[in-house]
Ligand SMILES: O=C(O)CCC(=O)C(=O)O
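Before any questions on how it binds or moves, here is one chain, the form predicted alone, in structure tokens.
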Amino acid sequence: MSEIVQIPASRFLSDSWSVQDQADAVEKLEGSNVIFIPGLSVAMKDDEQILFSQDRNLTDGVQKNITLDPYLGKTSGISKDSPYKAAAESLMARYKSETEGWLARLLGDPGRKYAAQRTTFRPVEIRNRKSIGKVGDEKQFRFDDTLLHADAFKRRPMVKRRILRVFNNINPFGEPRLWKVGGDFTDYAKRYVGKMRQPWPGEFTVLNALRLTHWKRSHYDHIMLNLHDMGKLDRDFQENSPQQQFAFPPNAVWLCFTDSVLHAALAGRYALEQTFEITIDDMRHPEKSPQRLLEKLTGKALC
């Protein structure tokens, strides 16, 4: 079971935060735990308070989040002429910078090896939100954050990289963000690996040629995507596997490797998230990465 490891902001930001504390944080993070820092939050500017308007038209109605994507070079999830767009982009850009500083402080030199990727602002209430945009009913489960899962990207293969996400509850109304954290990743993988189809010859090349992936998918990504879908569709797993609920209060930060920490978001609105990537070779414990665990389980190299 992943643990919630609490570090008060007063300690994290103090002069007493030491090299040993940083080493301990690396161990906890790479051990598939969640680091929780209450009292830490990005500061909101006056002209960004408009983002808390509770206006249902804040997002474009197609996507569930507003996303600042450096790879695509654009902001999505909000219309170009929205009165909220400039405030959202300003907040997300500042949050990216803040999280880079937090990681460097939390982990020391290892924290500087993480590359910032997409930033999201998540204003929409999660509870009772089952469907989004133009996705067909048969695929809606993939976007249901309330179902326990490990992250995998359909269009963005990871190929020897890991997914670290840093969350911040900036809700101004005192509302927590309710999460569910699950059990051991290897147990999760063992449940499904033997049941999933093998990739077809040339499948990954074709997907990339058709621009259904941004770059070529690996066998590792194929397995992770299948684990994501099979776990979400397994009612017994969702209801009876090891899990605990935790409410992250406003003005709190939490972070974890979401590709190995089984998680679900059950309720909450107005949060920020910053995605980072790191190659497994830059980890202190590459053997704890999902790729290495799956290679041990399958007996073959996956990338």
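Computed from a predicted model, the values in this text were never measured in an experiment. All residue numbers are counted from 1 along the displayed sequence.
Another form exists, predicted in complex with the named molecule; not displayed. Remarks below refer to it.
K.L.:
Give me the residue from 217, 96, 161, 149 that has a heavy atom within 4.5 Å of the named molecule in the model of the complex.
P.N.:
Selected residue: 149.
K.L.:
Go through 66, 37, 265, 42 and name the one with a heavy atom inside 4.5 Å of the named molecule in the model of the complex.
P.N.:
Contact with the named molecule in the model of the complex is made by 265 alone.
K.L.:
Check residue 118 for me: does it contact the named molecule in the model of the complex (non-hydrogen atoms, 4.5 angstroms)?
P.N.:
Taking the distances in the model of the complex, the answer for residue 118 is no, it never comes within 4.5 Å of the named molecule.
K.L.:
Can you tell me whether residue 185 touches the named molecule? I mean in the model of the complex, with a 4.5 angstroms heavy atom cut-off.
P.N.:
No - in the model of the complex, heavy atoms of residue 185 and the named molecule never come within 4.5 Å of each other.
K.L.:
According to a 4.5 angstroms non-hydrogen atom cut-off, is residue 179 in contact with the named molecule in the model of the complex?
P.N.:
Because a heavy atom of residue 179 falls inside 4.5 Å of the named molecule in the model of the complex, the answer is yes.
K.L.:
Does residue 100 reach the named molecule in the model of the complex, with heavy atoms at most 4.5 Å apart?
P.N.:
So residue 100 does not count as contacting the named molecule.
K.L.:
Give a yes or no on whether each residue among 122, 145 and 167 has a heavy atom within 4.5 Å of the named molecule in the model of the complex.
P.N.:
Yes.
K.L.:
Which single stretch, out of 257 to 265, 24 to 32, 234 to 242, 45 to 53, brings residue heavy atoms within 4.5 Å of the named molecule in the model of the complex?
P.N.:
Of the options, only 257 to 265 has residues within 4.5 Å of the partner.
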